[in-house]
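As a starting point, one isolated chain is supplied in structure tokens, in the form predicted alone.
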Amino acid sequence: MFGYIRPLAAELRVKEYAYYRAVYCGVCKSMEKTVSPLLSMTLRYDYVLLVMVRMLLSGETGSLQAARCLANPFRKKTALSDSETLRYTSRAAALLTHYGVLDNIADEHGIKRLAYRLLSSPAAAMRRRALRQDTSLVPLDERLRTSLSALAALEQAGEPSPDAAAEPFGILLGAMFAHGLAGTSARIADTVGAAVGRCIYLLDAADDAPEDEAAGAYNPFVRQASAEGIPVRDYLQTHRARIENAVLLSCQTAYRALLLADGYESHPAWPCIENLLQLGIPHTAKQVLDSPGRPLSRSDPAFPTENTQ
């Protein structure tokens, strides 16, 4: 995933801020323990939402513990205790990392392609370990493969519609969110994952558009800008409201789906989920469209500043 699903930290209360950070740290530690310390290097904000949504839908609240971190071994942090949800997320992340590396090998050139080739062997090993630990993930593994293959086919064909190009990634995340759940919970999770997947794809495409335009690489927004005969930065500003509305609509689709979950308001993850969908993602969309290609601010609970240590 790409790191665009982040909260608006200033609008979180202290205990909510602490809970979000604890989930983030819990995912990191689970990746290290369940699959490989190398996998924790792929950790992104998006996985926190995956954990919290699955916890809310399964009724799991989790517990917190003090834990040491490889990045700062001399100071303990509060982390979500090990759980099946964290282990599932770690294994699913291993599968997605493997296919992401293969996709980047196909897309990149030169030094970047060589770097991903070097990563292909450890990524494949992490995938194999995840599947050995939980054979029920085999159908999910196949779904990820076919969804990314469908996305690659659209890219190779030069699909000009951002919405059409976003669809396979939405299907992919819907499968990740819903795997192993049943009934209404599975349907809610699939809807949330698909909506969030569309947000991620659109934001990533907008963020990468200037670089892709310069490199001559595929990007649906570059294709749209070329059809209008204008630079892609001008296209993004001309159509900014439409892009933001597409992201907001997906956020509202996910939010309304979660309102159907039993007991959602009393779950400790709900304030963080609500912040992400109602405030965080729209704020990130604004940052991306203000300055496409510019690194996002790290004023996020997962990366506290000196004032929040």
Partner chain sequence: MTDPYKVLGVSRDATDDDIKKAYRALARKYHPDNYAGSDLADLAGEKMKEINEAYDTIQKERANRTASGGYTGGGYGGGYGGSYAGSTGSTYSGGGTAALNRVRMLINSGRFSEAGILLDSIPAGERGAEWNYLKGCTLLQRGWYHDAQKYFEIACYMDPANAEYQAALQNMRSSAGQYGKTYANVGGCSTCDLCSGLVCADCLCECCGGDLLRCC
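Residue numbers count along the first chain shown, from 1. Fair warning: this is a prediction, and the values are worked out from it, not measured in the lab.
If you look for the form predicted together with the partner chain, you will not find it shown, but the lines that follow are about it.
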Full three-residue contact with the partner chain in the predicted bound form, heavy atom 4.5 Å, for 235, 251 and 257: yes
Interface residue in the predicted bound form among 156, 161, 135, 72, criterion: non-hydrogen atom within 4.5 angstroms of the partner chain: 161
In the predicted bound form, the one of 272, 35, 43, 243 near the partner chain [non-hydrogen atom within 4.5 angstroms]: 243
4.5 Å heavy atom contact, residue 277 and the partner chain in the predicted bound form: yes
Exercise: residue 167 in contact with the partner chain in the predicted bound form, heavy atom 4.5 Å: yes
Close approach of residue 221 to the partner chain in the predicted bound form, 4.5 Å, heavy atom: yes
In the predicted bound form, residue 101 touching the partner chain (heavy atom, 4.5 Å): no
Interface stretch in the predicted bound form with the partner chain - options 26-34, 62-70, 261-269, 47-55, non-hydrogen atom within 4.5 Å: 261-269
Sequence-ordered residues of 11-26 touching the partner chain in the predicted bound form, heavy atom within 4.5 Å: 11
